[in-house]
Every structure is written in structure tokens, then in C-alpha cells.
Ligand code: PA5
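Just the one chain here, the form predicted on its own, laid out as C-alpha cells.
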Amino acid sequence: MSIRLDTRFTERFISGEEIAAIRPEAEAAFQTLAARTGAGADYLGWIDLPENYDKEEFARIKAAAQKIRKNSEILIVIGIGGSYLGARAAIEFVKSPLYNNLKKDTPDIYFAGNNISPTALTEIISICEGRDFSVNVISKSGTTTEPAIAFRVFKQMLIDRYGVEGAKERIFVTTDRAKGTLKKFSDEAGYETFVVPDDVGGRYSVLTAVGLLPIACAGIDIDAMMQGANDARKTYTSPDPSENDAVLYASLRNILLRKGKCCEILVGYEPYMLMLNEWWKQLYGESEGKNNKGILPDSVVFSTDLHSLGQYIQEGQRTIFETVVSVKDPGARFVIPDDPANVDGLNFIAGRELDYVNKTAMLATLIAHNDGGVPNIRIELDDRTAYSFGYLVYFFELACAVSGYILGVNPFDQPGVEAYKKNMFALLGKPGYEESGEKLRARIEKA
């Protein structure tokens, strides 16, 4: 078992009767998902993906990663949202948030095209000067503004440095299988392409080529990652919350929402949790936040954020609950040294492992926040291996889908995301948006 769900710190807030009451809804949601009859059923390819993935493409991913590791000091991953968050989360969780600073035999990996910042773009350009690099651009269409701008820039840099033919060996494109601007352009240019599956939405795509190529370039065992996800798939087969922790987690979230807990804070106790938190926020925020419904996903990394947000969590509005991800084996050991002068008064913990202190801080915080009226769900992982990461990804994806159906929304669309894009195109003067642009500018001037 790679994951254990600890509900001791929800018992003050959720009764057994409430879990029994929501059970028919939870079981119906799971069965709707399994039968593929619910809203968004065209986007359920992630369910069996850990077993039924394209083995030929998987081999090509590993070969491309080996090629990049051999000829490049840097890999630039270009994508936004689900096109980069999963890969970055995996690299920081399994390797380190300081991955690029570590001694290693794999390339540094930088993520571009996830913002419109001239500062961020020029800094990555500067980092590439005098160093061999490759690019992995990830976009279903190729026309999303943020990654499209970045690809323009780095593609030309590769051509200027290596020539048109040399650039072909350093550009890897993850896009639609058969259609779209980027697929057409890549085929004409002779770039190697990988597939963004039609039946897997971006926020569920980390275990496809979208995430696997950058992850493999970092030297992470993607076979083990897929095995972890597949073992989770085999574990979470029952619709009964008492037998399926993913369904139980989905149930607890919805019970708490109905009791006024409309904000969920995902808590990690290690810096390597930061980008996993960001991936989780997109998964749950984009899946559930629609039709004026949903739980607002937020995140913290303790103990750091206990010194900034701890006061609010302890005594602010009682609209929040926490989900704590703890890792049994953090992957490193450090013993606190003795100080003969005992200047800081901490000799009482000298000789203790730092992880013991960290986990003690976690337990102390769980108790304090519980006493302050904050329910806590705890998810414990064995370790931070590729296997455990894959297992946790599948757990969260399955629970998110079930939770969305309990909530009564389509967990697989994101219609609201297009609103800002249309306004931005209109204000920038994109052809076909002239009338909308005039109206928006008039509103701005009036305001």
C-alpha cells in the first residue's frame, strides 16, 4: 500500500451518519465514472491509461530523453497549465526543487511559456547563452498565446545556433495526434512529435507524453511511475467509500463543503511539495469551479507558512479545511548537532533526526488546527519515489472526478478559461475581434 488515508482529525466534524448519508451519491458518482456515462465522458482516457498507454510511443519517449540527456545541457519545456505543472511537480517531488543546482548527469530543465513576462523570458534566454539546449513544446493547438510566443523565440534561437537541420534534432513537439496548427507545422518541419491524447484533458495528462518526456529527461524512472499509477488503478475499484480511499476522500470533501467549509488547503511539510500543490490546485480548481459551485483550492508548505498564514488558519473565518500530504520516508537524514554552549536552548532535541522534529511539528499543527475548528484529512505516502508519485497522481485524479460528479458539475471541461483569452485577443487587435475590441476599450475608457 503506497497511500494511507487518516481521518482521525475529521471525526469531530463529520459523523458516521453523514458518511453513510452521502454514500449513495458517492457510489453513484463512481459508477457513473466507471460506466463512462456522465458529463465529459469523452475525456476519460486517463482512467485506464496506466495500463493501456501506447507502448511504442513510450519507448520513443525514453529514446528521445536519452538523446536530450546526451546532447543538451539544458531542456526548455514550453507549455502552460496542465502542459507543464505535472512534469515540474514530478521533478521537484522526486528529485528536488533545487534540481537545476544539483550535481547530476541530466540536463537542467527550465519551464517557459507559462506566463507573458518579459523578465522571465529574457532570463531563460540568458541562461541558454553558450550552452547546448533542446526544446520540448507542448500544446494541443499551437496557438495558445503564452507557449506560442516562447516557441517562436526558442525555435529561432535553435535555428540561429545549429541551423535548420541541426534544430530538427533538438525540437520535440507534444501536440495533437493528427490535426492543429502545431502538428501540421511540425510534420512539415520534420520535428519528432508525441501525442496529447484526444481523450485526456490537460490537467489529467501528466502520465502521457505531456509529462513523461520532461520527467524522463530528469532521469526519473517513468516505468516505475506508471506502475505506481496502475497499482492505484487496481486498488481503487470499489464504489464503497469504506473500501476505496479515493471515494472516501471525495465524500469527505463534499460533506465539509455542505457544512460551510468552502476552501480546501493542501498542506505539505517539505519544499519539494510546492509544485505538486500547484498541480493539485489546477486539477481541482479547473475541474470543480463552475456553475457557481466548487471548493476553492489553496495550498501551503509548512512549517514555513505557519509563520505567515498560520494565524489565519488557526483563528480566521471557519470556512476552511486542510488536506495534509505527509511522506513517511523523506529521502534524506540529518541529525541535529549538540551545541556545548546551548545558545539557542535547543539541546533538548540534539541527536534527534530533523525529520522527527518536522513530523512532530505536523502532529502539533494537526492538533492545534483541529482545536481551532479546522478539519484535517491526512494522506500518508511511503516515500517520494517515482512509484509513489504515480500512485498519488492517480489517487487525486480519481477522487477529483468522483468529487465533481457528487458536486453536480462536469469535472472535465473548463468553459470559463476562454473568457480572458477572448478579451485579450480583442484588446490586442487580433483579426476577427475588432468589434469586441472597440466595445472593451469603450468600457475601459468609461471606467
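Being a predicted model, the structure only gives us computed values, none of them experimental. In case it trips you up, residue 1 is the first one in the sequence shown, and so on.
What follows is about the form predicted together with this ligand, which we do not show.
Undergrad: May I ask whether 21, 23 and 251 each come within 4.5 Å of this ligand in the predicted complex, counting any non-hydrogen atom?
TA: The answer is no; none of 21, 23 and 251 reaches this ligand.
Undergrad: At 4.5 Å between heavy atoms, is residue 275 in contact with this ligand in the predicted complex?
TA: No, no contact at 4.5 Å.
Undergrad: Would residue 241 show up as a contact with this ligand in the predicted complex if we use heavy atoms at 4.5 Å?
TA: No, residue 241 sits far enough from this ligand in the predicted complex that none of its heavy atoms falls within 4.5 Å.
Undergrad: Do residue 81 and this ligand share at least one heavy atom pair within 4.5 Å in the predicted complex?
TA: The answer is yes: residue 81 has a heavy atom within 4.5 Å of this ligand.
Undergrad: Can you check whether residue 410 is within 4.5 Å of this ligand in the predicted complex, heavy atom basis?
TA: No - in the predicted complex, heavy atoms of residue 410 and this ligand never come within 4.5 Å of each other.
Undergrad: Exactly one of 323, 326, 230, 282 has a non-hydrogen atom within 4.5 Å of this ligand in the predicted complex; which residue is it?
TA: Selected residue: 282.
Undergrad: If you check 107, 375, 202, 268 against this ligand in the predicted complex, which one has a heavy atom within 4.5 Å?
TA: Exactly one listed residue reaches within 4.5 Å, namely 202.
Undergrad: Pick from 288-296, 366-374, 311-319, 140-148: which stretch has non-hydrogen atoms within 4.5 Å of this ligand in the predicted complex?
TA: Result for this chain: 140-148.
Undergrad: Sequence order please: the residues of 391-415 with a heavy atom within 4.5 Å of this ligand in the predicted complex.
TA: Only a single residue, 414, comes within 4.5 Å of the partner.
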